[in-house]
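Before any questions on how it binds or moves, here is one chain, the form predicted alone, in structure tokens.
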């Protein structure tokens, strides 16, 4: 991947910005993941208690309904169930846990008094009352279990999603960015060394040219002096030769 990036300072600055942003995002996601895990563990403990209560309530309800059927008969039990006038009501709201929206279920008219169940007190026995109360408790447990289980599943999905994002940043994106950064820095250093070497060679060549030019100028300045001496010697000989005959 690093070889696909052009080694320019602009790209280096962009990669450094992406690294800074990715590191901040990685830290934020790690904190979110840890927070979600802590919240999930709390919900998991609650879910285990709710599951235990639900299993116990179901077992109790089954025992009491079987006892009512045995003592009063199926017709009496079904008649008491059909006499119910007010059915339970359930409303759902939502709450936010570490950015995860989970349901909050509220129920009403689940637990009822004897006169609210619709069947006559004189026409039924305590067995049917106990069975009705047991199934009201069971329904409360089912509603609570539904809320907790749904919240737990949503939290678990969010934890998995956050973990994948953290791993993608930690093991894929950030290493690639670090490799690109190192690659560009090495290439820029090589270019800088090559540029320094080139400038050094240009400077040496320029200095050599200047030295040769100074030597040439010095030689040009020295050349006329030699010519004057060579022309001056014949003049002296002529003046000497001319002076001797005049003496005779």
Partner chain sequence: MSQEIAVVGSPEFTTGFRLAGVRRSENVPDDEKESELDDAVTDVLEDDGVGIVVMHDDDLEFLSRNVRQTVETSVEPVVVTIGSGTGGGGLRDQIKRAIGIDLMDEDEQ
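Numbering follows the first chain given and starts at 1. Definition used throughout: the rigid core is the maximal C-alpha set that superposes within 1.5 Å between two forms. Computed from a predicted structure; not experimentally measured.
What follows is about the form predicted in complex with the partner chain, which we do not show.
- Residues 12, 166 and 177 are none of them found to lie within 4.5 Å of the partner chain in the model of the complex, as judged by heavy atom distances.
- Residue 95 falls outside the set of residues with a heavy atom inside 4.5 Å of the partner chain in the model of the complex.
- Residue contact with the partner chain in the model of the complex: residue 69 places a heavy atom within 4.5 Å of it.
- Residue contact with the partner chain in the model of the complex: residue 200 places no heavy atom within 4.5 Å of it.
- Taking non-hydrogen atoms only, residue 82 approaches the partner chain to within 4.5 angstroms in the model of the complex.
- The candidate stretches are 207-215, 190-198, 45-53, 23-31, and the one lying within 4.5 Å of the partner chain in the model of the complex by heavy atoms is 45-53.
- Contacts to the partner chain in the model of the complex (heavy atom within 4.5 Å) from stretch 137-156: 138, 139, 142, 143, 145, 146, 149, 150, 152, 153, 154, 156.
- If you fit the rigid core between the shown form and the other one, you'll see the Cα of residue 158 move by less than 2 angstroms.
- When two forms of a protein are overlaid on their rigid core, residues whose CA moves 2 Å or more are considered shifted, and residue 74 is one of them between the shown form and the other one.
- Once the rigid core is overlaid between the shown form and the other one, residue 130 counts among the residues whose Cα shifts by 2 Å or more.
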